[in-house]
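One chain is shown next in structure tokens, namely the form predicted on its own.
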């Protein structure tokens, strides 16, 4: 039987934060990164949990992200657009800095956008869209990546995995949230298959010659495919336009040119849109939140499951019992805390 260790969420946060501080990140960067990584473990999203620490540190060691960056907020008074320049640091502290002003602006104007520029992004988007719903607002979050996805009918990577998240606030229960890559699967899932020696499902990827493959190694050297064929390809392209070109930041091919590798976390921008349901529904009959509950109840009543329910169940369990880590994961944390960047190849 595999040996496991149960850590309280706060204890895991302290350990992950200490790893980043040991590696030379300032408190602003280290705290924000630890929060999002621990959220991944707490919610049983292993592909965005402590697995991501080494990739973040590898990017620091390569000099492609500034570990001492302090994000700068531009309130852009009188506008619905709030901007944060991440200063070459990670996206997470920039988001944490900007979201209060985003929420205030959305409540005042009905809709507002947060633009994050010059950031490195490695995490899931659901922690960010949940931060928007925690303010009583509906939210959209999106960002490009680096070119690892072939557009439908294409034979080489031109799009990123380009994640897209949406959240709707609910009273006295968890929000309605979805967060997915516009590729068939997140790149981290393919890497996890490679590490486990498992073949990929058919339809996930093509090799470097454009042929379908189920070999994770060949997929990583080739390209992933968009979900839903031309539909996912179009949404991925939309994200390149909105969260890359429109905000004056890098597209996925430009990110790959900048990094020269897919082994580092991508450097680009991010777009977050917050909306007030009350403001949009004002003057119309009915409470938008109550009407949404009617829809959710109908979906569940028809035998379907709302997205993120598995995550929320895992979160409840982790908050009550702690986070379960394998002996290998504990060893990884101990090694990173002991050696810092020297532990990274």
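Residue numbers count along the first chain shown, from 1. Predicted model, so just to flag it, every value in this text is computed and none were measured. Here the rigid core means the biggest group of C-alpha atoms that line up within 1.5 Å when the two forms are laid on top of each other.
Beyond what is shown, the protein has a form predicted in complex with another copy of the chain; the following relates to that form.
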query	finding
Interface membership of residue 151, another copy of the chain in the model of the complex, 4.5 Å heavy atom rule	yes
Interface membership of residue 288, another copy of the chain in the model of the complex, 4.5 Å heavy atom rule	yes
Close approach of residue 101 to another copy of the chain in the model of the complex, 4.5 Å, heavy atom	no
Exercise: residue 121 in contact with another copy of the chain in the model of the complex, heavy atom 4.5 Å	no
In the model of the complex, segment of 121-129, 245-253, 89-97, 216-224 with a heavy atom within 4.5 Å of another copy of the chain	245-253
Stretch 217-234: residues contacting another copy of the chain in the model of the complex, 4.5 Å heavy atom cut-off	227, 228, 231, 232, 234
Displaced residue check between this form and the one not shown: residue 165, CA, 2 Å or over, core reference	no
Core fit, then residue 273 C-alpha moves 2 Å or more between this form and the one not shown	no
Rigid core superposed: residue 180 CA moves 2 Å or more between this form and the one not shown	no
